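For reference, the chain that follows is the form predicted alone, supplied as structure tokens.
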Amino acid sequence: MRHGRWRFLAGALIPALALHVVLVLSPYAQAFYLSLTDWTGVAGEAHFVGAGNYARLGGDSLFLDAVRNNAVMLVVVPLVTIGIGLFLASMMHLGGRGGRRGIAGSGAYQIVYFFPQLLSLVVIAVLWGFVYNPNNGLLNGALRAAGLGGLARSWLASPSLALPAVMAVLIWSSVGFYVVLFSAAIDGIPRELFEAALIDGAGGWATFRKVTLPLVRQSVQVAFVYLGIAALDAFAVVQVMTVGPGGPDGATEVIGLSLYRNAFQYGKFGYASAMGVALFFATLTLAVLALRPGREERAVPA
């Protein structure tokens, strides 16, 4: 009986593990190996160059621009998205009269906020490319209609405005999902805690800071990891929306775009693999740092 159980477990697990190794782990191993070679993607042979590709990354000004832009996005996109998401979710649950209920029509608002999730990032980037059009775009048209024509700009052609314009699109496309996520987390908080805070005379900000935020912190940590990964990518939006792409003058260059360009336009698959490996470790570090505080707290005995 015991041998039969082990054979059953082995028969169930080994095929799944084999598929995981072949389809998931082996591409990573292959990328790590290629990052140490000069493979062009066409030649049958790849010459071992050691850490040469990684040394070149430090002197590549365009790659450093990409790292800088991704770092800015890594700070701005998660913080602004989570801030807006928490604010809207709190208003939908506690923004009504007396702070005891949500605002009227909060369910409908959740559906409306979630609409951008139904569109792919490419479609969103195309739509916002029309919105940012300097001549007949919706944004400049609205400014001119409001008598603020002096604020109309070439949003994607100005080096100082292009990156904020791209980040605004990433935030707009993501915030609806996190409103729903935080709403579900707030739903799980016992109502008595909010009522006790009201009886104690706590205002809306104090209730949010002392009751809501601590009890949805794990959801916020998960949101930060996902949004951080999205900010470290951003390839699709930059590729579709920006001039160059990556312009103007490298203002919206991101690591994913540099990787794509070196691999598929310049035939430098080895160098592009080094960029991919660097991006992999940056993403892994972000996830570990973001999730570690929660694990440490759960590990502390009561």
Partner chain sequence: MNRSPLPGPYPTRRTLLRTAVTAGVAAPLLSACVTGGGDDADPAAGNTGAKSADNPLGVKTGAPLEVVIFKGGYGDEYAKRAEAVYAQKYAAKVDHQGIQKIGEALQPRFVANTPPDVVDNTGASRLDIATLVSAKQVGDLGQLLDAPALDQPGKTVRDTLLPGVVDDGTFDKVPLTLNLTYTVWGLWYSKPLFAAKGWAFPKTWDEMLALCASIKAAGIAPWTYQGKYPEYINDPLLSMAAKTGGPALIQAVDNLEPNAWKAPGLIGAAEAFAELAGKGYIMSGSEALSHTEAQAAWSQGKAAIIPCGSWLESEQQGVTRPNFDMVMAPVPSRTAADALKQTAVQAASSESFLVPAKAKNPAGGMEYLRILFSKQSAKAFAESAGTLPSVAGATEGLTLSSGLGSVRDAVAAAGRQTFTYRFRTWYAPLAKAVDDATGELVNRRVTAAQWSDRIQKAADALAGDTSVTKYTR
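Positions refer to the first chain, counted from 1. Computed from a prediction, not measured in an experiment: that's the story for all the values here.
In what follows, reference is made to the form predicted in complex with the partner chain, a form of this protein that is not presented.
Judged by heavy atoms within 4.5 Å of the partner chain in the model of the complex, the contact stretch among the candidates 217 to 225, 79 to 87, 198 to 206, 172 to 180 is 217 to 225. Under a 4.5 angstroms non-hydrogen atom cutoff, the partner chain in the model of the complex has G244 among its neighbouring residues. Taking non-hydrogen atoms only, A18 never approaches the partner chain to within 4.5 angstroms in the model of the complex. For the chain shown alone, G52 is not a contact residue for the partner chain in the model of the complex, no non-hydrogen atom being within 4.5 angstroms. When the partner chain is considered in the model of the complex, N135 lines it closely, a heavy atom lying within 4.5 Å.
Residues S26, P27, Y28, Q30, A31, Y33, L34, W39 are the members of 25 to 39 with a non-hydrogen atom no more than 4.5 angstroms from the partner chain in the model of the complex.
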